[in-house]
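Just one chain is shown here, as structure tokens, and it is the form predicted alone.
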Amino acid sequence: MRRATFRRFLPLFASALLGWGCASTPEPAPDLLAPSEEQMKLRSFQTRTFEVKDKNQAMRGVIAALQDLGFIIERANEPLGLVTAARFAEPRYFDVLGITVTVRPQKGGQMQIRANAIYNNEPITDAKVYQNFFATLERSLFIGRN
């Protein structure tokens, strides 16, 4: 008797489970990938233009600046102008600070350099952090020229 009841309700249970699984998939918001004002503001903190004509020189300056700040370089790809680095953050050395820097040539012999930093997989949105990085980078580029 119990087996017959189980067999009778099994298809109903399976279809209800299937329907619940399909119904619970959320639809992505139409503005999911739309640029926001906050993103543009953050991008302005993260981007600087420097008077450097040679991309290789700019890449070397970025690498030297990151090493001065205690980062370990994970990847450097000169054709793409990409440097990725990470370090343990103070004062708790189990926190991780990661940064990706891109170098793009601009017209007029300039380089646009953008830094994107994360702290424990959360984006850093504080402008002061990026100002500190670019100050170190400017010193590094100055030393590299002389």
Partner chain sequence: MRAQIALGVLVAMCCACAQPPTDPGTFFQLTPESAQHRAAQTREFETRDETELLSASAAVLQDLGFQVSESVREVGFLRAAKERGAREYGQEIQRGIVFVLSLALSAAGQSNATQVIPVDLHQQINASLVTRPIAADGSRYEVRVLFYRLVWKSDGQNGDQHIPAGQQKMEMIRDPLIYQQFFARLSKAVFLEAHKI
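Treat the numbers as computed from the prediction; the structure is a model and nothing was measured. Residue numbers count along the first chain shown, from 1.
Here the subject shifts to the form predicted together with its partner chain, a form of this protein not shown in this document.
Partner proximity in the predicted bound form, defined as non-hydrogen atoms within 4.5 angstroms of its partner chain, places exactly one of 89-97, 103-111, 44-52, 26-34 at the interface: 89-97. Among residues of the shown chain, Leu80 is not one whose heavy atoms approach its partner chain to within 4.5 Å in the predicted bound form.
If you take 105-141 and check each residue for a heavy atom within 4.5 Å of its partner chain in the predicted bound form, you get Ala117, Tyr119, Ile124, Lys128, Val129, Asn132, Phe133, Thr136, Arg139, Ser140, in sequence order.
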